[in-house]
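Only one chain is included here, represented as structure tokens and corresponding to the form predicted on its own.
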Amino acid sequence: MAADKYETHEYDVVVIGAGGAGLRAAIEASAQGVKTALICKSLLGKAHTVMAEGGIAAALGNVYSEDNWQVHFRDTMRGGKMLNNWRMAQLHAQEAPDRVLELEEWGALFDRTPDGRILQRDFGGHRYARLAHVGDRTGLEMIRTLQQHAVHKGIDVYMECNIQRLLIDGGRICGAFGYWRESGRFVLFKTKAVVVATGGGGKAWKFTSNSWEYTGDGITLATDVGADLIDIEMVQFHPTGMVWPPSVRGILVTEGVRGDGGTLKNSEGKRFMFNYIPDFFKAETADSEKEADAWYEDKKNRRTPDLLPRDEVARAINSEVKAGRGSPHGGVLLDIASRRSPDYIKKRLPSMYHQFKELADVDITKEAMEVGPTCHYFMGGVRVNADTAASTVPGLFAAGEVAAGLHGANRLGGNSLSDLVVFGRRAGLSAAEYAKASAGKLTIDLGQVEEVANTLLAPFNNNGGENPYTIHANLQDCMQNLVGIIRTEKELRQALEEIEKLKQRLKRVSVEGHRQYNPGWHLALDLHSLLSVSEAVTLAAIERKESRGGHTREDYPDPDPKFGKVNIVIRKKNAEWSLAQEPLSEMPDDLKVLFEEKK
């Protein structure tokens, strides 16, 4: 038995990833009475969710009573260029308010309106002020609340445990295999159901807001056992990351800066976003600087162009820089100092104030910030059932950024945090129900486990081989330069060639020392996921011959109605990728009417 050789644990449900989605899934599974484990690659509380600053999007209607789930649904679908799974967008808009109020019941401390209700701020692509927030530290408060609730419920937590492979028996999930980062010892989890909630894969790009954990683990875990991915080419480049100094390039500058009055300017001091308003948004957007200023002061239900959806703003910044109107270090200027008082800025944006003061020696109450696009978020990922969060592999569920469908071709700011709790809950509930219905004893194939163990140890046997850090740096340059914010078929095919060479080099990767906390070994193992995800993104980007949302093809600059009706599906079998175009499900008539133009 594998249990004789490896540390072994047995659970009904194993949740991989302890961010907002993973914590909410584990809380829900445990509440259903099944034995639940929560596994995190890093320390509990250090999940990427803490870096989400602006707020949680939910149609509470506390600032604008006109707001409701139908408007939120419509904004999400329009922002996603109608490529979204309509049912996921519907459930998200309907259930987000309850999930926010649930967080409040569990102890989350939100900013307040004068009459004591949860305050909501403006954000890009949202018609009304909709983001419940805690200054610019909303994700941190969300994790604190969920983490304390999970610990209070007595859920077993395995920290600094890196799951490398899922195990299959008869076509269904039966376990997960990984290692302890501190000791390097292997650990085996026998389980009826797995929820992957591991986020995206932004560390494949050179300039990214993502931290070291974001290496595409969950996406690769799923595809390695045959799960479908959809629309993985849809990678969001957040328009405002830090650009200076180089050591902090890519670190996120929250959209809340623009939501609280900040404006984007080029090197000539001009607000350039008025030149980039798409026809699609002109009816609902202020069309002059004077009108936009009035919008800030009077809070009319109109959008400033600085708060257009992220893909529109990122492309506009990219165009200004290419036209020679960029800031000194290759970005643009984000100015809030001339619009808000120092006290207001320090109260509403405390993290941003300290971030720029400490990392760039810039006082944002007195001067503008230099910002530019940074790889931020995967809209595509594991294909799931909207109601159950089940993947195409029995026993495997996915929630949060690792799962695709809700955001379509472009995610609106703030929808990520509500996504985590809405579909984290649904994934945990469905995984628990699946585990309860799964009869019979779990069988682990020891041969399968041994094969994985030998693969993971191979870098120690490749003396004098490739350096994992060099491979990673080469991959980041490849993805940044060839699969970035603007793409062409020639460059995408060049990227495929580079990725294939890197895959061959990975076979020869070698690490020195022993297994006990060996960062070089950890990176060598992460490269399996990083290269797999990079290849999937590139293949899907070649297949989608149009520009839509987060996917911009210079050689196909316009949206193609044909591609607006299909998901790009990619799956792996016997280590080979295959692609297909599969039609979106038909939206029901009662939701279609929400998009009819009112006269």
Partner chain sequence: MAATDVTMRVWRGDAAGGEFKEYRVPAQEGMVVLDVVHTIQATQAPDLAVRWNCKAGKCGSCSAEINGKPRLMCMTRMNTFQPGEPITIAPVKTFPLIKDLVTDVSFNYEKAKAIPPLKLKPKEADGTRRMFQEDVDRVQEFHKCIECFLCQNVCHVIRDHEENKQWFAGPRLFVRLASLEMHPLDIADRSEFIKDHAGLGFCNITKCCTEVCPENIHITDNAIIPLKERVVDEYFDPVMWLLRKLKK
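Since the model is a prediction, treat every value here as computed from it, not as a measurement. Positions refer to the first chain, counted from 1.
One more form of this protein, predicted together with its partner chain, exists but is not displayed; see below.
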{"query": "Residue contact check: residue 496 to its partner chain in the predicted complex, 4.5 Å heavy atom", "finding": "no"}
{"query": "Contact flag, residue 365 vs its partner chain in the predicted complex, heavy atom cut 4.5 Å", "finding": "no"}
{"query": "Partner contact for residue 212 in the predicted complex: its partner chain, 4.5 angstroms, heavy atom", "finding": "yes"}
{"query": "4.5 angstroms heavy atom contact with its partner chain in the predicted complex for residue 50", "finding": "yes"}
{"query": "Residue stretch of 378-386, 433-441, 79-87, 247-255 approaching its partner chain in the predicted complex, non-hydrogen atom distance within 4.5 Å", "finding": "247-255"}
{"query": "Interface residue in the predicted complex among 140, 91, 506, 225, criterion: non-hydrogen atom within 4.5 angstroms of its partner chain", "finding": "140"}
{"query": "Heavy atom within 4.5 Å of its partner chain in the predicted complex - residue from 480, 462, 516, 488", "finding": "516"}
{"query": "Residues of 90-119 having any heavy atom within 4.5 Å of its partner chain in the predicted complex, listed in sequence order", "finding": "104, 105, 106, 107, 109, 110, 111, 112, 114, 115, 116, 117"}
